[in-house]
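Listed next as structure tokens is one chain, alone, in the form predicted on its own.
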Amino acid sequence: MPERPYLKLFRVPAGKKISLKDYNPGWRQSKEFEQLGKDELKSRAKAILEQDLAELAKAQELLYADDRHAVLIILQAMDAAGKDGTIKHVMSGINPQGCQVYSFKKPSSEELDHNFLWRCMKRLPERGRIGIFNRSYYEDVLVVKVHPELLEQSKLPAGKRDKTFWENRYEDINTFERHLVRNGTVILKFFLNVSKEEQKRRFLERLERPEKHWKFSAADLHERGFWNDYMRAYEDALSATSTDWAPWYIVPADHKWVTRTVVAAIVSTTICGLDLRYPQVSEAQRKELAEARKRLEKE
């Protein structure tokens, strides 16, 4: 598989404080990209996406046969950033039996009776499979941080909900993810970086087209009013939890074809880069296979 050095542009450096203002939500990510022009870049992106989807389909079969690794893909974003569409297109060519998708909404009373990681722990992919989280335990350092009153529902012991509280949550996440990686789970985390202007355009589109009315929620518009708070929460979370073992990627989301191409490239490149191999057949098994072939040929 060809090397994709440009993918490093989207990776959040471990241990570095980042500002989302430094990440363009549009398609321009380098001087080279700007010089190519949008049409040329879009054409190249389509070809790359088709290649990556084909590679991903083959890699998934090998991942399943190898049965030593699981792949966990986490998607986080503001509303209307394109999480559902990204899942649909990037996973379009793989065997559904080897992929599982979970969307996490408002926690249930049972989930609130456990720690904030519990409900996602139950949905982790087993070895040989790709698991996709549409939102995740990161909601508890994003939505809950923007709306700290939600902590009252969590039945936590008394204590300050200050900077140290959130730092401890980041530490819990990093430790949890390190445990998963040590046990064979590859973790890829994507923040789909949509601009406030593009979100407005997509909201208006949902309101103008009857077939998209079901996708619009007044709650989405309410949360838009906390845009700046969310950007700060994302900056804090991405800076604190992008690690060498479980990196974050900030993916431009104003153009859906860019989002899908970048995510597919990172996923396929990562899986193809694993030391995957088909199980070795023993001498006894070879003899059984040879005998089975003879029996079938005689029928």
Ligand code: ATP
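Start at 1 with the first residue shown and count on from there. Everything numeric here is computed off the predicted structure, so don't read it as measured data.
What comes next is about the form predicted together with the named molecule, which is not displayed.
- The named molecule in the predicted complex comes within 4.5 Å of a heavy atom belonging to residue 106.
- Using a 4.5 angstroms threshold between heavy atoms, residue 129 stays clear of the named molecule in the predicted complex.
- A residue is said to contact a partner when one of its heavy atoms sits within 4.5 Å of a partner heavy atom; residue 139 meets this definition for the named molecule in the predicted complex.
- Contact annotation: residue 188 falls outside 4.5 Å of the named molecule in the predicted complex, judged by heavy atom distances.
- Exactly one listed residue, out of 84, 167, 229, 205, brings a non-hydrogen atom to within 4.5 Å of the named molecule in the predicted complex: 84.
- Among 224, 161, 178, 135, the residue placing a heavy atom within 4.5 Å of the named molecule in the predicted complex is 135.
- Checking 180-188, 88-96, 193-201, 140-148 against the named molecule in the predicted complex, the stretch whose residues place heavy atoms within 4.5 Å of it is 140-148.
- Contacts of stretch 65-79 with the named molecule in the predicted complex, defined by any heavy atom lying within 4.5 Å, are made by 79 alone.
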